[in-house]
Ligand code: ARG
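The data below hold one chain only, encoded as structure tokens and taken in the form predicted alone.
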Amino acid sequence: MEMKEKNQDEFEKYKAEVAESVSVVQKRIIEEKKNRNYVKFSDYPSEELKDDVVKTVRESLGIEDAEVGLSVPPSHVPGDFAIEVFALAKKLGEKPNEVAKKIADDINKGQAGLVKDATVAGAFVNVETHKERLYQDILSKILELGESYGESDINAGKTAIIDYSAPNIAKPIGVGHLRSTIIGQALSNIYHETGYSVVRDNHLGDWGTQFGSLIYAYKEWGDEKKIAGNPIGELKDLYVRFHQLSEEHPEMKDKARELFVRLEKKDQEMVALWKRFRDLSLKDFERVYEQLGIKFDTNIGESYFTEQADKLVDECLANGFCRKDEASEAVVVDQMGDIPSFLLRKQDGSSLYLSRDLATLQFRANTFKPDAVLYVVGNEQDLNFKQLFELAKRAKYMPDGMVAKHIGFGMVLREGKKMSTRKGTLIELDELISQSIEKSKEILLQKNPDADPKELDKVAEIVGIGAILYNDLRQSRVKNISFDWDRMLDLEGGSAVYLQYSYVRINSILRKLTETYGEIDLSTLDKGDISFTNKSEFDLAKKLMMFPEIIAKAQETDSPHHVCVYLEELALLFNSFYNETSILKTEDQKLRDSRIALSKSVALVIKKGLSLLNIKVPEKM
């Protein structure tokens, strides 16, 4: 009896820990919304320019809600920006070239603000700006905001819960869960950048029939000495062994299910083992997260929602949203439109992922009052989330104003195949990180054979981990990815190390300038003194101007790869500028200071952009 009470107390203690972490987050969000200093998106030069163009287009076409997008045309096309008019022409039922001519004529009549003139190129309107003024606006805004450049108030006052990583306890974090962790962390950073208050939630997989399998394996073959020496590795091996043998002996699966039912009923022996496996796992996860620079606000496992899940299933039964199957006694939700029927409770009375997810969604809606909830989970769970969201809406567990989204992603492939813990083909994260750091060290030593060993180790870790993160994020998240070490560690482009090297190169240039001209104080550089002479300088400034827009686009589309594409293009433009312009030999001080400001702005944006992807930059390489 005492042991049973002890285990019940462990569950109560766990609930108290969750309540405390939730309280801390609630207070932080209140303070953040009250005291956060937001950067006005409308004050960015890109928005001022767009406002000038949009106003003219709307007046010209007589469409008050006309959506107008500005893009940077290819280098061979005359004009600083382009307006695509296909959508506008379709809305008006007119020919695109005629609409383009009308817009260009009206822009040339007004020539307002930053816009100088416009020309027609088929279905596009190419816009020429007052370059000097725009260039000054861009650099002065970056110098004014510093590290805050790119932030905005687009979503000020809103709250988003982002559910990501969510590893299963008693298993090492493999590269499959790594994708969720990497994408989720990047989206958390990007959402915060646009004004959201973000709740970073690690929804641990700490419940379900797999724990019956693990407990069975432990009771049959567990070796305490091995577990003490390598807890998670040994638990994983036990899990794999169970599934290999259970294929030949299916009765093992029945016994494992019985053990899980006992766990659901808070059997003292089962609870003690489950709690031990959970504690060992959390300790191992924290070590990995620390290495990757990942931090969560809450680590609430599925186990927290088991009791509420049972209550919600009963409630759904009472309200007619589901029914009990007469033959099997399982609880079924019938087909909802195009969404096929599914189980909400097993015939043995145990809960399912979906019923626990329903309880979790209700808890999030009631506790944090979020505007958006994002589930960063693999594409293969798409149907599960469609079922969850539809049932939650119908049962009124999800408020009308709240958006719930499944942020799907492709699989990580090993030799063209999906990795599996059960089959023993999973690449463990520790192995991946150590390999990447070692390969990074080899490349760095080739460039600098006399590097200080301690400094080399530090930089290799930054480069190695950055390579793993960027290799994932630079690709559209919905695609499957494979590991390619040559691409991940390519100094010439398309990699984190290329961008890190570009940042370090700029810092090296600035150090040489300081050695030649002394400390450079750009705070004394007046807006009217900022100037340029080369097209490459203006092209670089135009790209810098688009950084806040790119962050907004990445947030709106839940696609961090937009930031990667942008940073690669920015670095390429800087290298073009640097190859044709010698800052060191620029004699005119105002022009030299302008070029220094431009270079510092590029370095700042590269560092800021990588930080949104949770990637660090070394100061030297």
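Given the structure is predicted, the values throughout are model-derived calculations rather than measurements. The first residue of the sequence shown is number 1, and the count goes up from there.
Same protein, other form: the form predicted in complex with arginine, not shown, and the subject of what follows.
Undergrad: So which of I433, A404, V377, A104 gets a non-hydrogen atom within 4.5 Å of arginine in the model of the complex?
TA: Answer to the contact question: V377.
Undergrad: Please identify the residue among K116, H243, K141, H177 with any heavy atom within 4.5 Å of arginine in the model of the complex.
TA: Here the answer is residue option H177.
Undergrad: For the interface check, one of 379 to 387, 153 to 161, 516 to 524, 260 to 268 should have non-hydrogen atoms within 4.5 Å of arginine in the model of the complex; which one?
TA: Only one stretch passes the 4.5 Å heavy-atom test: 379 to 387.
Undergrad: Classify Y353 as contacting or not contacting arginine in the model of the complex by the rule of any non-hydrogen atom within 4.5 angstroms, answering yes or no.
TA: Looking in the model of the complex, residue contacts with arginine include Y353, since a heavy atom lies within 4.5 Å.
Undergrad: In the model of the complex, does G205 have a heavy atom within 4.5 Å of arginine?
TA: Within the cut-off, so yes.
Undergrad: Please check if A166 has a heavy atom lying within 4.5 Å of any heavy atom of arginine in the model of the complex.
TA: Flag for A166 set to yes.
Undergrad: In the model of the complex, does E302 have a heavy atom within 4.5 Å of arginine?
TA: Result yes; E302 sits at the interface with arginine in the model of the complex.
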